[in-house]
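Next up, structure tokens for two forms of one chain, structure 1 and then structure 2.
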Structure 1
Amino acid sequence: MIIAIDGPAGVGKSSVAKNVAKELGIYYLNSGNFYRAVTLRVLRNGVDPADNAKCEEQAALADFDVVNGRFCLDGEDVEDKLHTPEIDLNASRISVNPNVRAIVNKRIHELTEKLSIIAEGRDMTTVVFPDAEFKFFFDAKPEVRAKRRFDQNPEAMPYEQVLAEIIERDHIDRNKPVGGLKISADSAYIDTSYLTLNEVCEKVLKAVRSSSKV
């Protein structure tokens, strides 16, 4: 069984997918972590994030794995190193490159082959798992998403800057030539703006449990 969720940054995809995976006893795949890990490798090796060919090279050399639910890059647990403002911004740009996307998608397929999974990102329902049994698009107003991000770490930057970055990343995500953020015709649309985490999880679980597809 494959459950695929797409949506912009800050809609709660990761928290919902993690909880639903636990509840159903299936594998949780966070596709954004792969782009974040490529970015970490690029920055660590002093590569210019605007140099497409060098970024592709870094993606091709990277060894991505998930061990006990923790993201590993080249054998190192980097789960706690993937969420910095520098990686947020550069991952958005590096993930535009179709060749980087092809490398990431190949590894995602290898890691999840034959597993029951819940995968979340920007192109899970459209490109990576177009045949997923369950597809969702999560959405929320930019101001609500920025407030959630700001509340997670109020010291990091002012709310206005968080909002401006969310708007910039939305623009980049929606205009990628390959794997751009789109609502597929067969996805269930959920606006999470005024729903709690539990309420969103319940919606996903209800759709899965009430279906004859499982």
Structure 2
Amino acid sequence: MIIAIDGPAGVGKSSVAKNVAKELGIYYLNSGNFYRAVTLRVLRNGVDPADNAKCEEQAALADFDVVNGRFCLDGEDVEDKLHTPEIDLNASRISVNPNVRAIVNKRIHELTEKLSIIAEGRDMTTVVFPDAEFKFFFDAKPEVRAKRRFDQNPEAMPYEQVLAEIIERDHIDRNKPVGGLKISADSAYIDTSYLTLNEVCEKVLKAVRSSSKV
């Protein structure tokens, strides 16, 4: 079973996906971990993240797996090593490479042959899993998303700057030549602006459980 969720930053995709995965006893697949793992491999091997050809080579050589619910790279549990400032800085650059994206998507499909998963991102329903049994698009007003981010760390930057960055990121995400943010025709649209986390989870769970596919 594959549940795919797309949507812009700050709409609650990750939190909902984690909760639904726990409730259904399936694996929460964070597509970003694959690109972060490629970035980790690139950095470990002294490759310049700006060298597209060598980054593609590292992606092709990488071995991804899930063992006991933990994300592994080349046989090593790297779940807790994928969120460093250096990886944050370089993963976005590497992930826009179309050839790297093609390699990662192929590896993701290989993993889903043995796992039931819920995946979230920007192109899960349109590119990675166009045939997913369940597809959702989460959305929320930019002002609401900015307030959520601001409340998480009010000392980091002014609300106005958070809002401006979210609007800019939305523009970039929607206009990417590969893997851009789009609403697939068969996705269930959920506006999370004024819903609690539990309310969004219930909407997803109700849709999944009411289907004869489960």
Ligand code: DC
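Start at 1 and count along the sequence of structure 1; that gives the residue numbers used here. Please read these numbers as outputs of a predicted model, since none were measured by experiment. Rigid core here is just the name for the largest C-alpha set that superposes within 1.5 Å across the two forms.
Original post:
Between the two chains shown, which is the form predicted together with the named molecule?
Top reply: That would be structure 1, which is the form predicted together with the named molecule.
**OP:** Take P85, Y28, R148, S187 and report the one at the hinge of the rigid-body rearrangement between structure 1 and structure 2.
**Re:** Answer by hinge criterion: Y28.
Original post:
How far, in degrees, does the smaller rigid part turn against the larger one between structure 1 and structure 2?
Top reply: After superposing the larger part, the smaller part appears rotated by 21 degrees.
Original post:
To one decimal place, what C-alpha displacement in Å is found for E57 between structure 1 and structure 2 with the rigid core superposed?
Top reply: Its C-alpha position differs by 6.7 Å.
Original post:
After superposition on the rigid core, what is the displacement of the C-alpha atom of R44 between structure 1 and structure 2, in Å?
Top reply: Between its two positions, the C-alpha of R44 lies 9.6 Å apart after core fitting.
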